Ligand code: IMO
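This document opens with one chain alone, in structure tokens, the form predicted on its own.
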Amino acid sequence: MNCCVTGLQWGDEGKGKVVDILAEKSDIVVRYGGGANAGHTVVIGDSKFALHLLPSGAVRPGVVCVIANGVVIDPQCLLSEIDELAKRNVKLDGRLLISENAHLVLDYHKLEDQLREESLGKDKIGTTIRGIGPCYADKIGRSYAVRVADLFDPAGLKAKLEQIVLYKNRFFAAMYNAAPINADEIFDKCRKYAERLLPFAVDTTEMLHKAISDKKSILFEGAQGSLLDLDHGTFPFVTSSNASSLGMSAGCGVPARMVDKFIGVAKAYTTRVGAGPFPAEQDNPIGQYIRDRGHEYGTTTGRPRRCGWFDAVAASYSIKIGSIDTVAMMHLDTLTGLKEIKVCKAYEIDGKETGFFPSNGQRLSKAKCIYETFEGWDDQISDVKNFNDLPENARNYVIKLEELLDRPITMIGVGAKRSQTLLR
């Protein structure tokens, strides 16, 4: 069976854990979008793995890992990840494949990201400064893009980088009065990257279609969350790719009809990193309680996440646009100890009630949550193995969310470890 896993909120939902669990019965795991701005965490026993570019199935022995064409690859970050796993006896030789058509994040992309954010001051978007947006912009602009395939042609790459750096230096000097960057230094780095990355480079689209013909089980892994989708998220406070399941087909060349199940991942509450509207945010002791209990600090940036109640309006929107079949609910244990738990079941905008999420930032910023309140629970649930053994109020909370989302919640996280997951 082929499955696709995507986030239903603003990222950080726990997709890494879900993918790791599903990868046990998968032959191939495909990362189809985003870049090193993603942070997927897998906890196995006492070992914690933080992955940014490698698919979360990388820690499963024997699983083939594919980085598809829709991903923008920071070579330095990817090689560091590969080396870190090797130190922990996780070998990727023979089971990592990288698309020849994936674009490369280079030093000038990171510089451009930093300079642009600094110039915006209080109006900055809140990017991770990893060069993701500028790389995607160059991809769309075409003329100044560098792909994995370019590493095969050193002479052609050197000439291309000289042209790109000439343009970038003129732009950076005019716009930001920045010091020039050196094309030779970037080229030398690329030659070193090529030595190690080219053995993994293939036409991943061809490979995936052969795998489908061979009846292999493929797991497609999204990055960030649906509400950060470039076209359908809370623009401009979004990422630079299609982070919903809508980006899967373009990101790897496999049509959606070839996927048997779409799984949406959500926390039992809501978080957001960076700027942008967040109707259910609790900028108060409740939000801090959730942040501390859930260790809500970015895997990639370390930034404290904004925290709030579960927003069923937002999650339902992501379910609709992503054709989601089932939901995996993570971090239920984080809510333990709260006397009351609220869920946003509708919005009021300009005096009118609505149950549909407006991705338009101006409208969303006016949204006031209409809440339904539930009794909390005090019993610790991290050692619970079956849904029916949860406290009654915890079970009632999950059942109510199923009603609001109109989808079954088939996986429930009650702790960070792989084993702390209830399957229904």
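Predicted model, so just to flag it, every value in this text is computed and none were measured. The first residue of the sequence shown is number 1, and the count goes up from there.
What comes next is about the form predicted together with the named molecule, which is not displayed.
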Legend entry - Which of 363 to 371, 393 to 401, 59 to 67, 34 to 42 lines the interface with the named molecule in the model of the complex (heavy atom within 4.5 Å): 34 to 42
Legend entry - Heavy atom within 4.5 Å of the named molecule in the model of the complex - the one residue of Pro279, Gly253, Gly274, Gly287 that qualifies: Gly274
Inset, instruction - Let me know the one among Cys307, Ile132, Met248, Ala328 whose heavy atoms come within 4.5 Å of the named molecule in the model of the complex, would you? - result: Ile132
Legend entry - Site test, Leu228, Thr239 and Arg303 vs the named molecule in the model of the complex, non-hydrogen atom cutoff 4.5 Å: yes
Inset, instruction - Indicate whether the named molecule has at least one heavy atom within 4.5 Å of a heavy atom of Ser316 in the model of the complex. - result: no
Legend entry - Ala223 within 4.5 Å of the named molecule in the model of the complex, heavy atoms: yes
Legend entry - Asp12 within 4.5 Å of the named molecule in the model of the complex, heavy atoms: yes
